[in-house]
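Next up: a single chain in structure tokens, the form predicted alone.
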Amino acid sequence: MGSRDLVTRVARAAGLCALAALALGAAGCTNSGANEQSADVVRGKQLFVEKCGACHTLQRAGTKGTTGPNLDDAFHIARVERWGDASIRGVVYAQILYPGAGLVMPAKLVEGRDAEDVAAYVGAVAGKPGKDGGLLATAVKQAGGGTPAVEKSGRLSIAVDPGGQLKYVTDTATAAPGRVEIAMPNTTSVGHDLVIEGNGVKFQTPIVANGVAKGSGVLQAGDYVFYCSVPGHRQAGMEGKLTVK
């Protein structure tokens, strides 16, 4: 089977038919334009999680986004057909720069050396079982286990993970009964909100990117959940427990 047929089959698996022409025309199939020798895959993993993980599932990166294709599934056929990392890197690099009309993914979400690093990382791990080792294993600090958020003087702040993971910085919070003003700082370019629900109460902030979302409500003593209502985000782990007492 020729290179053109292989690229086409991966494109179909990913649901991204424009990849075949792009990878062959712009990237030369196996030569993405990225410098394989100088690419920094550790930085690539960090950038992938920050910029791409909210939309894509990639098992080794620990991301669970559902807006875009699952990249392990997308490149499964390529691995079975013994594509090398460089070939997959070329497809990814082309897709980053030219995702095609009608797709949610914006063109050039990362550019230059950043695009090279992301493509190199995805090319090295997509569709491969197991876990990252060495420096890659610690490249991204796992979010969600930070110091519990504590309400003070009627104000409660729960921030979004600044590294781009679908997590808040903490998965536990406490508050006293009464009216509470909630704030959700979000320094990422992906929109999130904060919903508090339980004991017959539900209130939430607007969806905000690169800013601070705010809301308010009255809480009685008891247990509540807080979560992001953007489709797929709660399911990916963007939730926690709020105790009011």
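What you are looking at is a predicted structure, and each value in this text was computed from that prediction instead of being measured. Numbering starts at 1 and follows the sequence shown.
If you look for the form predicted together with heme C, you will not find it shown, but the lines that follow are about it.
Per the 4.5 Å heavy atom criterion, heme C in the predicted bound form is contacted by stretch 88 to 96, the sole one of 127 to 135, 88 to 96, 159 to 167, 143 to 151. Each of Ala74, Leu103 and Val110 places at least one heavy atom within 4.5 Å of heme C in the predicted bound form. In the predicted bound form, heme C sits beyond 4.5 Å of every heavy atom of Thr188. Heme C in the predicted bound form comes within 4.5 Å of a heavy atom belonging to Cys55. Heme C in the predicted bound form is not approached by Gly65, whose heavy atoms all lie more than 4.5 angstroms from it. Using a 4.5 Å cutoff between non-hydrogen atoms, Ala120 does not count as a contact of heme C in the predicted bound form.
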